[in-house]
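What follows is one chain in structure tokens, specifically the form predicted alone.
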Amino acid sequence: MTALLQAAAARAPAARIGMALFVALFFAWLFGPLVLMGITAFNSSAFPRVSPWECFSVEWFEALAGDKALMEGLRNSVVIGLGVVALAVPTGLAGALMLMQVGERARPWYYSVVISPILIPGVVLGISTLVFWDRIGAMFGAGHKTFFYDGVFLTVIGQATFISAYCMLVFISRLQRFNPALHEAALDLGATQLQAFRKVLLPFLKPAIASAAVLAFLASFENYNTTVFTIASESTLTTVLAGKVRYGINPSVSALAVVIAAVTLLFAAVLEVARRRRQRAAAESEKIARGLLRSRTRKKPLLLEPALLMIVTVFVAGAGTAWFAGSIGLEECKAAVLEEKRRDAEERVRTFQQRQMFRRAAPQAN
């Protein structure tokens, strides 16, 4: 028994090292491309690359702000994403509530039907949306300047057809933990169906509504297969990026990735601070109910939370430092890099000429 314990103790450090190595490799595989792409946003090279490094620069963020096509595509993507959230979240919620109401025998069939848009390729959804609304517009005699042929409207409709199914799955997972007796008790106490939904069910579904809204916006923001057919003469961020990749890109795309990642991390930090505030409020309410606390402490505004203030300060200071470091001495660095490239080119020309002279002199020596 002692020998087995000693052998297990000897294997424990090796197991921990192996687990740490596996975790490190996993995160390197997951986030390595994003980190490298972020680094290329600060290289003054005209092509996104990490090596050879030229100069630390923030000029590609300025180029990003001046790219009208990219900014227009980003604006359209945000508008479309908000439209998809406004349409897909209520549709998904209605589908989930309906699923809870149908009979046990019909429930699998209903579930298969409403979840089927997820299984349909995005190309098919895009083409079918375009053809359907074209026929509807022709039936009403609408012109091509009406909303029947508007790219933003068609994209919102086309994306919502399958994103609403994702939202429905989120609501179903939440509703499975809901106690129907609470709804019935509200009705027994004189509440109407609308009041019971607004006072009992809707507060319970708030976390699912937030999750479904974020999921719908992100799914819409990065969608390409459906959007490329429905956007018509307009453009979104994904279609603009696809065109840039086809004809050649510069590090402004990497700068866009850095901005999106930074904004995402900032919002995640805000949500985490808000979640911890809710946990503290719930703990205080429980202590008050038990008589362990007489009154609730006065809440500070969310923006005055010390953790959030520190995160925002670090974010602003980091952005300001990077901007200052990437702006000062940039022209001198570029001039030095250009001079080095010129010397390298001259050296290569001299090497090539020497080789040519050697090749010409070799036959004469023979």
Partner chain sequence: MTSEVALENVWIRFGDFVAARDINITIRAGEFFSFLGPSGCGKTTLLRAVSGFLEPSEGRVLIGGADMAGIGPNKRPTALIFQNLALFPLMSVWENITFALEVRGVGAARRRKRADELLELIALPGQGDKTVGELSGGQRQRVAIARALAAEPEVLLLDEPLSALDLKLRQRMRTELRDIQRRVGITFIYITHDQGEALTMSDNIAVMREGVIEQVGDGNTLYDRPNTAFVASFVGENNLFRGTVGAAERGAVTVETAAGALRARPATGAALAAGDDAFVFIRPESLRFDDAMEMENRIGAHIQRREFEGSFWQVFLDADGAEQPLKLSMVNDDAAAARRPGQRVTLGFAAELAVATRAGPLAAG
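This structure is a prediction, so every number in the text was calculated from the model and none was measured. Positions refer to the first chain, counted from 1.
Omitted from view is the form predicted in complex with its partner chain, to which the following refers.
Of the heavy atoms in residue 276, none are within 4.5 Å of its partner chain in the model of the complex. Among residues of the shown chain, residue 199 is one whose heavy atoms approach its partner chain to within 4.5 Å in the model of the complex.
Contact between residue 72 and its partner chain in the model of the complex is not found at the 4.5 Å heavy atom cutoff. Contact between residue 119 and its partner chain in the model of the complex is not found at the 4.5 Å heavy atom cutoff. Proximity to its partner chain in the model of the complex, taken as a non-hydrogen atom within 4.5 angstroms, holds for one residue of 211, 173, 112, 179, which is 179. When you look in the model of the complex, the only residue of 248, 103, 190, 143 with a non-hydrogen atom within 4.5 Å of its partner chain is 190. This chain is displayed without its partner chain, yet in the model of the complex the stretch 280-288 from 159-167, 280-288, 103-111, 217-225 comes within 4.5 Å of it by heavy atoms. Contact annotation for 202-228: residues with any non-hydrogen atom within 4.5 angstroms of its partner chain in the model of the complex are 203, 204, listed in sequence order.
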